[in-house]
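The form predicted on its own is given below as one chain in C-alpha cells.
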Amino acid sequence: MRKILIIGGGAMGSAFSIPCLENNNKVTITEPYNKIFINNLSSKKKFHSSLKLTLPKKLKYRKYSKDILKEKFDLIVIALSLAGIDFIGKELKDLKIKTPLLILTKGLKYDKKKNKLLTISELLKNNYNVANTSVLKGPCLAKELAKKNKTSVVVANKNIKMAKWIGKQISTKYYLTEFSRDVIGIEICSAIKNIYAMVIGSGQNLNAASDLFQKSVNEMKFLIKYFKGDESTILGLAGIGDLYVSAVGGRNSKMGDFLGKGFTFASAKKKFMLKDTVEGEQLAREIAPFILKKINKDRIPLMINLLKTILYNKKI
C-alpha cells in the first residue's frame, strides 16, 4: 500500500484516483483554487459535477495548504490545468520536494526570456528545480476512466524503472500502462494533438477529415523530431492514439467543425461554446510567438493556418 497525493480535483485528477484506490493505495486529493471542485470533493457524497458520478468513499479530501506537501507521500500526482503549473512549481521549489512526481497536465509553455518552448517537465526542472518527474499521457477521457472503461496510457521517464514502478501502483484490469523513455516526444505529442484535432474537425466529410488526419500525423512527426524527441513516438498511445480520441470527439474537434463551416473562432466560441474551454486555443496562443517565428512554415502548413485562424480571428 502506497500513499498517493493528487493535486488537482478536476475531472482527470478525480477520475485518476479510482484506479489508484483499486490498487489498495491510500489516496488523498486536494484542490488549490477551483471552488466548484472544492465543494464537490469536500461534500459527504463526493458527487463530482464534471464527471457526473459519486467518487469512492475511500478517497480522502484535504483542504490545500503548503503544509500538505511537507507530509510523507510515496507519489505526488500533478493534475492541475496548465495555468496552475507555475503555482505548484513555486510551492515545490520552496519546499525542495524530493518525492517522485507524476504529471498528468498536458501542454507547453513559452519562455519569453529564452525564446524557447518548454514541456511541463522541462519547466518544472529548469524554472523550479523540480526533479524526479514522470509524465502520464495517452488517449484517456476522464469520464470514460471514471466509469472504468478500458483505457491505455503511457508513463514516460528516462529512468524506465521509475516509470514501471509507477505503473505497478496505478494499473488495473481496465487501466493499462505502457512505458517510454521519450519524455519530450510524449509531452510534445500530448500537447499539439489538441491543435490538430481542431484541424481534423474542420474537414466537412470523412474523406477530407481522413486526409487532414494523415497530414496532421506527418506534421506532428516533424515537430517531435524538431524538439529532439523520438519520431517513432507518433505511432504510440500519446501520438495517433490520443489524436484519434481528440479528433473523434471532444471540444477541440467540435470547434474545428464550426471553423470548417465558415465561422471565425470568436464567433463560434460566442455562439456555440461560450462556457467551454477549448484547450487547443489556449495552446495556440501560448506557442504561436515561437512557432510563427522559428519554424519553417512550409513544413507545418496546417499548424500555421490554424494558429493564424485563432490569433487573427480569420476564417480557416
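Because the structure is predicted, anything quoted here is derived from the model rather than measured. One-based numbering along the sequence shown.
What comes next is about the form predicted in complex with a small molecule, which is not displayed.
This chain is drawn without the small molecule; in the predicted bound form, the residue among V77, L136, I200, C189 with a heavy atom within 4.5 Å of it is L136. If you check the small molecule in the predicted bound form, you find a heavy atom from every one of G8, G13 and S81 within 4.5 Å. With a 4.5 Å cutoff on heavy atoms, F265 does not count as touching the small molecule in the predicted bound form; it lies far away.
Interface membership of L104, defined by any non-hydrogen atom within 4.5 Å of the small molecule in the predicted bound form, is confirmed.
In the predicted bound form, I97 stays away from the small molecule, with no heavy atom inside 4.5 Å. In the predicted bound form, the small molecule sits within 4.5 Å of a heavy atom of C140. This chain is displayed without the small molecule, yet in the predicted bound form the stretch 30-38 from 284-292, 62-70, 254-262, 30-38 comes within 4.5 Å of it by heavy atoms.
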